[in-house]
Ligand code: HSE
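Let's start with one chain on its own, the form predicted alone, as structure tokens.
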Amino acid sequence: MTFARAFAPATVANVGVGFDILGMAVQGAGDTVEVEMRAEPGVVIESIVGDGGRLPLDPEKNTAAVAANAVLKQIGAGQGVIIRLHKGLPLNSGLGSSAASGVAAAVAVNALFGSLLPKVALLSACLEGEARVSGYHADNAGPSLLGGITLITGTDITQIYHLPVPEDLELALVTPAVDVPTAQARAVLPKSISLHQMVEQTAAVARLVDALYRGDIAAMGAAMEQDRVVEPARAHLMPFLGEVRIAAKEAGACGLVISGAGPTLCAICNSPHIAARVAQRMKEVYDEQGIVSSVQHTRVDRYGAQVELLEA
């Protein structure tokens, strides 16, 4: 019997100023999904590990199962699959946890049935899974599936563009043990903004894109911090955001922003030594406040979801 196993990386959605239009895949942590063929149609979730029992086994409510079922329909499969989900990403962390589960499942199912679809054609299935949790947008699913730093102008694959990744770009991430559900983080956002705010925000996105094309990490970090719409509305959900930003920049970071809906914070650095120092300093801020946190020093994942076939 043949199995397929796929890994999908974590992501930093928004990349500071690009709410719902920018996303970045990161090396290291991610979700793994193993799928096995079953004679009956549909999807069954056999097990979920690493979620603390919080995720539903109901295939109608689980992002991995929804994405897997969407691929089965897309390829016209007469058989179904059994899913085993291994969560490597914490829930409600701002690292694209739900998207990674859906992406890994979609890629694994496609591989199990002979990779009938090119990787890019799986985006719609990934988004079906993501929509069950946080809405129909691709700033997590896009980079988790495809890798790199992506500009997302819609939900079709033709509306996703790869942006350059500066060669020396290093990332320091800190995740405090605080839940920030995506629904809560989206609920606090303003329903409208002024013309002045719109001009400021679009200018900041343009500066960020320019910095990426020039490979200017200092300018990248500065542009990412210019969010005048989303971060001010969400800042109160992120414990000690200001203190962590100050500590990170004193340690050499070029900038620090909220990763996705938070509470993970992402610092932009231009050398491995600085990123390691920044990660440690950010953790120290939370340690001083009695808040448990985890940190990682990482880089942009340029490849996205990866798959392997296994023979039992």
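Throughout, we count residues from 1 along the sequence that is shown. Everything quoted here is computed from the prediction, not taken from an experiment.
Not pictured, yet referred to below: the form predicted in complex with L-homoserine.
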query	finding
Proximity of residue 226 to L-homoserine in the predicted complex, heavy atoms at 4.5 Å	no
L-homoserine contact in the predicted complex: residue 137, any heavy atom under 4.5 Å	yes
Residue 261 within 4.5 Å of L-homoserine in the predicted complex, heavy atoms	yes
Partner contact for residue 182 in the predicted complex: L-homoserine, 4.5 angstroms, heavy atom	yes
Listed residue (84, 234, 87, 207) with a non-hydrogen atom within 4.5 angstroms of L-homoserine in the predicted complex	234
The unique member of 73, 162, 119, 186 whose heavy atoms fall within 4.5 Å of L-homoserine in the predicted complex	186
Segment that reaches L-homoserine in the predicted complex - one of 217-225, 138-146, 104-112, 194-202, heavy atoms within 4.5 Å	138-146
Sequence-ordered list of residues in 7-34 near L-homoserine in the predicted complex, where near means a heavy atom within 4.5 Å	13, 14, 19, 20
